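Shown next as structure tokens: one chain only, the form predicted on its own.
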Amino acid sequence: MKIGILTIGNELTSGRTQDTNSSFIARQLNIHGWQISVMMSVGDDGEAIKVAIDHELSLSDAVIITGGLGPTADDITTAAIAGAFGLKLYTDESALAHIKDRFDRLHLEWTANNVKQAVFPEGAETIRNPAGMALGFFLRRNGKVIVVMPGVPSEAQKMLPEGVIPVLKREFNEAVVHVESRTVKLFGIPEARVDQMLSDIDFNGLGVSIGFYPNFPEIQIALTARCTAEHEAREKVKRAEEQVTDRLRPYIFAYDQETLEGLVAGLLIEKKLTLALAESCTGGLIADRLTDIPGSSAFFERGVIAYSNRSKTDILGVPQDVIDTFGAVSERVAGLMAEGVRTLGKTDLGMATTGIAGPTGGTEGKPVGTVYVALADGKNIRCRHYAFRWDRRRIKSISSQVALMMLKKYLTGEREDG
């Protein structure tokens, strides 16, 4: 089955908002063995929407559309689709009652324009939205299917697997193809080097496709097999993964849906260790990532954003003369910050970051991208020095990554240079 993806919204065509829905939908459909025939974005314009749907239907068996289902004047997707097929609009009373009930439960003020979210083209069947107000819907036209979802990414990401994919499977009764996929997550190696190190593996001969997906600061490798027999697909992916692991083992930190922060959190909980953070150049980013993990209160005691020199001395007890002698961005200060926050929080571990994220503030001796990360456990202080490039945001991001990698290696007993 070939599927087209159409995202709608002036915010997309103006560049104000990044289109993350298309990539998410494409990845999920690919896992199910379906081919993406075309991906397009158009603004909130009725004629543009009609032309785009006609074009995508000419190349596809089904079209998935996101965006333009809200209550405001620029949300015209439903009306545009009805107009494209000469269909009347109707108000679904059951959908309207559902929306009003959500408003009541969330204690939101009801306004008349919200009725618009319960209006559908005649012949449409609704799709439940477990994460928002506006319901989705689908239409059958000339043996093809048009599926429509809200454009809010968090809503689309829930509706696609729970509502849309079941519709596609039901409407297109294809022979069952088992798709097995394994994502290998890497850090600390360039994409070109990964490709070079895997160049001698015959993935075609193994019956597996490989995809490279840089997701700074990680690189993700997706191994996928499609077979009529489930066990055959699983075995093919397993053999490919073994060969990838043999070559890239030092750079692999996680698989599939695992995250670095999730793994670190699990290790801290398993080992019953507590952690306090003192962040300067990362500005709380490490704490943000760790507290995204449910149950982080079991190990995370506190986080201090010690950005100024005064905060390093007042809160963490770093002596002013040490800062004057070595500089705030130095191995000595990073270590004292880590031990200072560990003592302050009475935790098993203390971690600290200090660096120059730029674009200004660098010197010849300490250029922009100079970062120190330290970890103290009450017995020893280990500190690593990094010299990053890139822009300010990426320096902060990769600094949080190397800090979490240091924690992971400490907790698993891996070599620091591994």
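By rigid core we mean the largest C-alpha set that fits within 1.5 Å across both forms. The numbering used is simple: start at 1 and walk along the sequence shown. Quantities reported herein were computed from a predicted structural model and do not represent experimental measurements.
The discussion below concerns the form predicted together with a further copy of the same chain, not included here.
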inquiry  = For the three residues 23, 213 and 308, which mark the spot I'm curious about, does each lie within 4.5 Å of a further copy of the same chain in the model of the complex through at least one heavy atom?
reply    = yes
key: 4.5 angstroms heavy atom contact with a further copy of the same chain in the model of the complex for residue 392   = yes
query = Does a further copy of the same chain come within 4.5 Å of any heavy atom of residue 32 in the model of the complex?
reply = no
ask   = Does any heavy atom of residue 301 come within 4.5 Å of a heavy atom of a further copy of the same chain in the model of the complex?
value = yes
Contact label in the model of the complex: residue 163 to a further copy of the same chain, heavy atom within 4.5 Å = no
query = Of the options 94, 111, 173, 228, which one has a non-hydrogen atom that comes within 4.5 Å of a further copy of the same chain in the model of the complex?
reply = 111
message = By the heavy atom within 4.5 Å rule, which residue out of 322, 118, 315, 127 makes contact with a further copy of the same chain in the model of the complex?
response = 315
message = Can you tell me which of 235-243, 142-150, 329-337, 102-110 lies within 4.5 Å of a further copy of the same chain in the model of the complex, counting heavy atoms only?
response = 102-110
inquiry  = With the partner left out here, which residues of 22-44 have a non-hydrogen atom within 4.5 Å of a further copy of the same chain in the model of the complex?
reply    = 23, 26, 27, 30, 36, 37, 38, 39, 40, 41, 42
query = Comparing between the shown form and the other one on the rigid core, is the C-alpha shift at residue 12 2 Å or larger?
reply = yes
task = Would you say whether residue 387 is displaced between the shown form and the other one, judging by a C-alpha shift of 2 Å or more on the superposed rigid core?
result = no
inquiry  = Following rigid core alignment, is the displacement of the residue 373 C-alpha between the shown form and the other one equal to or greater than 2 angstroms?
reply    = no
